[in-house]
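A single chain, nothing else alongside it, follows as structure tokens in the form predicted alone.
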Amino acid sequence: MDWVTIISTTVKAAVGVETVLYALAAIGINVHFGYTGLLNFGQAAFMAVAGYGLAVTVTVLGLPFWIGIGVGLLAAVLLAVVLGIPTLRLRADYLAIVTIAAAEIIRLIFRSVAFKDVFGGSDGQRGFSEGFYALNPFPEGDYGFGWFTFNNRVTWVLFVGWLLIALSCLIVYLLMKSPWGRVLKAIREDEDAVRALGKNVFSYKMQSLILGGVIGALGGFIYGLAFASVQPDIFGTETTFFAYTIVILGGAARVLGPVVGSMIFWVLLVLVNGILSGAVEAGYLPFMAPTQVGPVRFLLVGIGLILLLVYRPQGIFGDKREIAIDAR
């Protein structure tokens, strides 16, 4: 096995594009689940409408890049409002049912042959990232040091992505230290008591759903710009479940929990994948085919996460009380 390649790839994964986009999605989930107690199982839908909003605006309508960003953010806000109006006055599990169903409906609409001229069908859309890379301040070449070396395009994406993560974490930190954030935490603990104090619980939940959805939408932008394309199947339910895994791994209701959780999650996946692939190629695992490496790595990482939930359910930085759900 080429241990140098395995280690270098693993180290780069700690700050790579996947880590960035899932960190943004998980920060949004943290606002919903960690701070407000909302079971949003449709975070992938917020990422999808943002990515496709940008792609369709630029490629189909021929409008500038920045208008596409605005359209994507507006689509995320509208999605939150549409999902929240019929569900946020009900129990937590109704929101979970509606959001996971809505996410699948949106994915299938984007995948539909009937709308292929607009959304591109199963092939998705591409050719909308030129406006973003035209702003790239990094000349042609490689940047970084040692194993943390990337070309100028990836460096630009990572620079913007980590800047968005920093801004999102700062906004979440300031908001959760404010009276508004304390109301959200109170709603998570006992929304009936908050309602008895005269607070509009529905309004606060809606604001939280919009905020977390918009932050998650930033992850959709990063995906589309990094890979210069969007495909509907990327925004499946597993994307949302990965984000929840990351939140729980890092610690719910902790500002930096989703960021650290995303880094650890992708480092583990890449490390296990590299070790298994090397072992199969070297003949150390004769009973395993190369095509089985992907599923087995998820199995092994999943077992590790189950053990984490058994022995430390609050995650690395979390508190057990932060993951309790009041589903009344």
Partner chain sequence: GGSDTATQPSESAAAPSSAAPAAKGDGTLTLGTLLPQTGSLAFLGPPEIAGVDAALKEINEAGGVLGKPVVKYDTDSGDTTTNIASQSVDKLLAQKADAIIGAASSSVSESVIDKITGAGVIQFSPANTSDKFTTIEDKGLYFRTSPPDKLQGRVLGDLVVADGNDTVGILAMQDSYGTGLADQVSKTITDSGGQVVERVDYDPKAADFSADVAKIKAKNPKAIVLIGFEETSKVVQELVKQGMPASKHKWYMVDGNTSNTNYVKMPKGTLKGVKGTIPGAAAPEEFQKKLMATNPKLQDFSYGPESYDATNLLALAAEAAKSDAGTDIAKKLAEVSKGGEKCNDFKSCVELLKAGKDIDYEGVSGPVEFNDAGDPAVATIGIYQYGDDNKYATKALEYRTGNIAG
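Numbering follows the first chain given and starts at 1. Just so we're clear, the structure is a prediction, and the values are computed from it rather than from any experiment.
Note that the form predicted in complex with the partner chain isn't included here; everything after this is about it.
Between the partner chain and the residues Val77, Leu256, Val118, Ala228, the one pair within 4.5 Å by heavy atoms in the predicted complex involves Ala228. Of the heavy atoms in Pro290, some are within 4.5 Å of the partner chain in the predicted complex. The closest heavy atom approach of Leu108 to the partner chain in the predicted complex falls within 4.5 Å. Residue contact check for Ile234: one or more of its heavy atoms lie within 4.5 Å of the partner chain in the predicted complex.
The closest non-hydrogen atom of Pro295 lies within 4.5 Å of the partner chain in the predicted complex. If you take 147-171 and check each residue for a heavy atom within 4.5 Å of the partner chain in the predicted complex, you get just Arg153.
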